[in-house]
Every structure is written in structure tokens, then in C-alpha cells.
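Below, in C-alpha cells: the form predicted on its own, a single chain.
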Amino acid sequence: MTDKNSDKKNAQHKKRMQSLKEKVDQRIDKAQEERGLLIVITGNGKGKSTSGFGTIARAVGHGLNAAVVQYIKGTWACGERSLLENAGVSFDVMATGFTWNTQDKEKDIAAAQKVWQRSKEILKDNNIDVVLFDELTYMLSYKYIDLDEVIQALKNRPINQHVIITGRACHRSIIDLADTVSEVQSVKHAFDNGIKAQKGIDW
């Protein structure tokens, strides 16, 4: 490639990047509202809870006060909990494990309701900057927790409090209320090929 052609391509690239920068800057200038976000991470793929915990770690790294409420899970050791509790993050855990293991609907409902009562307290706490409700979507699908009650609590939380909700099949009402929704899709999963869950990777 001659110097002349190279200069032309560089000039074209610079022009495209300048145009892109102008558009990005315009969007940044328009985005001036500051308030707590409701973030939903749903879908059938792996990584929803991992993403939620990553955001909690990021928040703690910036000096924010964070809390985690875990539904469904709780009988396995949790690497994120071991790390984040040492960083001052409070954890409330349903601690019944998966519903197909408990096989006791009344016990599961009682456990879900107990943890939900704690969740409502967190959603009223001005000192909590960000909270992760891990696997909350299942509690709504199973009707262990009242949907309208959850929506009201989310709407009435402190204006600057961020909330992250994870789990499959998030209810449309929660998605409509959310500011940011990400859907994690599964392309391949090691478990489907007979590979067991790995410590430090899957839990």
C-alpha cells in the first residue's frame, strides 16, 4: 500500500470516528438523570448470578454499601459470599436449596416469605446503595411471593437505591418496570455434556 492510499484510509477512518464520537457525546449530554436503577438479568443461559455478583463487587470497589438476598440457592458453599461478606456485604439466604430437592412446597413458601420480609426491609433502607435479589424470579413464577407486593416495594424504594434481579423467566411486569434488561442465552453448557459443576467456576 502506497503512502497516498494509507493517508486516504487513515483520513477516512478519522472522519468515521469523529462522526461516531459526536453521536456518543450527544447521547452522554442527554443522559443527565441520576437515580437508582432496576436491572434485570434473565434468560436460560449461564452467568446471570455471576453478572449480578460482579456488579455488587464493582459497587463495593467504589465504596457503596451493598446487600445480597439469595432465593432458591443456599445449601452449597458460595464463593462470592465468602469474598463479599469479608468486604462488608450483608447476605440473607433462603437456604433451602433447589425446589426439586426439598419437595416440600409449604416449607419453601415459608422460607421464601421469611427472606422476602427481609428484602422489604432492605428496600426501605436509605443506607443500602445497591442490592442483589438473586433468583427472585422463581419465587414469582411459583407464586411463593406476591407479584404486586414486589412491584410496590420496588417502586417505593429509596430513589437512589439500585436493585439487581436475576433468574429465568422474569415476569413481564418486572421487565416493564426495569431500566436495564439483559437476556442471557445458552449456546452450549458443559453440564449437558456430562461435565460436573466446577468449584470456583459454577459455584
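Just so it is clear, the model here is predicted, and its values are computed rather than measured. Residue numbers here begin at 1 and follow the sequence given.
Below, we turn to the form predicted in complex with a small molecule, even though it does not appear here.
Only one of N156, S173, N44, N160 lies close to the small molecule in the model of the complex, with a heavy atom inside 4.5 Å, and it is N44. For the residues Q26, S141, T50, Q152, the 4.5 Å heavy atom test against the small molecule in the model of the complex is passed only by T50. Partner contact region in the model of the complex: 131 to 139, out of 32 to 40, 60 to 68, 131 to 139, 174 to 182, criterion any non-hydrogen atom within 4.5 Å of the small molecule. Interface residue remark: N10 is not counted as part of the site for the small molecule in the model of the complex, having no heavy atom within 4.5 Å.
At least one heavy atom of S186 is located within 4.5 Å of the small molecule in the model of the complex.
Judged against the small molecule in the model of the complex with a 4.5 angstroms heavy atom cut-off, the residues R168, F191 and D202 are in contact without exception.
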